[in-house]
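In structure tokens, one chain follows: the form predicted alone.
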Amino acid sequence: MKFIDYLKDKIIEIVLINLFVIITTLILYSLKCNGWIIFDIVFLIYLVEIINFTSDYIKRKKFYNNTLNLLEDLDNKNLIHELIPETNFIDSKILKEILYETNKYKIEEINKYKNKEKEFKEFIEMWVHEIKTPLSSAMLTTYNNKSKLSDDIKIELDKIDAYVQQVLFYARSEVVSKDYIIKQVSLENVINKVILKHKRDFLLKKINLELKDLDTIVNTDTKWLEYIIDQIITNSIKYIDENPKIKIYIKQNKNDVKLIIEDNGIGIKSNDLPRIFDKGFTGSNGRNNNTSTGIGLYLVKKLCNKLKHNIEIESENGTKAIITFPVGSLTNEIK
């Protein structure tokens, strides 16, 4: 708060004081008062006002500077109204009351939206569980009636099932602490489960699958890691073409374990790489093949961040996904 700004704010008072001085001077002069007496009276008026303005400015500057410093140091800015110091001038009390009321209103509005969001997520979860029943029945029908048509239908049903799962994971991705169980997990078991799910795709595309050094234990959540690996392998299968090959292996370091999933598919263009984890970004390959929603890798990145895992995607000849699990990571850090 600059003194010049303070004076600008007090300009009306300053003008009135000057008018008062002029009028007082004229009256005293008309009464034929001694010039020195008039000078002393005018000087006294200005001195009192200067002291008053200076004192008020110092008081206000101290208050607003302290308030701004408090605000800067606070992690939760919403608490500022509780920490504003008490003062004896009305502006601070009014400001504190305004901040209290606006914060109260904001909290009420946030709670409204939180409740709406909770209701929507509960509806989505219920919808997913409900739709899985007819979906499972349709899949069972295709298994019991083997034909070229049923095989084609099975492929489309698998896609629907994947999208339904994606909706469920997306809805739950914000409430990690309520839906995650961090424990020691065998990477080999998780990977084998995902591969078994895609067994038909591997056979149809005649993909050469190479597994190496997977007998490793990491701290993670089984269900969400399965989804992460499933999304990566799904992408590998989707964009693989001639002489298809997928290689999955482990690199054990002193401070971390790296799970590497590598394919020899069409890869990712260099100008797309920085944005592959952006929500809704499909890239040129996804647009050309009309097979990408731009949600899969976004969720993969989001879930890895929540689980305190790191994920990187490299693409030169094919694509390489690297998931890093810190050794000895604290599970109570997952929120």
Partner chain sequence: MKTILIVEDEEKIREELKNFLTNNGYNVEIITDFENTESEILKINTDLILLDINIPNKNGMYLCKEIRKNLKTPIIIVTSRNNEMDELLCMNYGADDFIAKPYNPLVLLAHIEAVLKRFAPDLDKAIPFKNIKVIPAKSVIKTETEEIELSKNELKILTYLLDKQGTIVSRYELMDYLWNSEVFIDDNTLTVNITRLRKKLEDIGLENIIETRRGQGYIIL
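Positions refer to the first chain, counted from 1. Please read these numbers as outputs of a predicted model, since none were measured by experiment.
The same protein also has a form predicted together with the partner chain, omitted here; what follows describes it.
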Query - Listed residue that, although the partner chain is not shown, lies within 4.5 Å of it in the predicted bound form (heavy atoms), from 238, 223, 81, 93 - result: 223
Report task. Select from the listed residues 173, 234, 186, 165 the one whose heavy atoms reach within 4.5 Å of the partner chain in the predicted bound form. Result -> 165
Report task. Indicate whether residue 161 is a 4.5 Å heavy atom neighbour of the partner chain in the predicted bound form. Result -> yes
**Report entry** in the predicted bound form, residue 196 touching the partner chain (heavy atom, 4.5 Å)
**Finding:** yes
Query raised in the report: Is the gap between residue 153 and the partner chain in the predicted bound form 4.5 Å or less for some heavy atom pair?
Result: no
Query raised in the report: With a 4.5 Å heavy atom cut-off, would you call residue 129 a contact of the partner chain in the predicted bound form?
Result: yes
Requested in this report: Would you mind picking out the stretch of 132 to 140, 252 to 260, 98 to 106, 68 to 76 that comes within 4.5 angstroms of the partner chain in the predicted bound form, counting non-hydrogen atoms?
Outcome: 132 to 140
Query raised in the report: Check 192, 204 and 211: does every one of them have a heavy atom within 4.5 Å of the partner chain in the predicted bound form?
Result: yes
Requested in this report: Could you list the residues in 5 to 33 that come within 4.5 Å of the partner chain in the predicted bound form, counting only heavy atoms and keeping sequence order?
Outcome: none
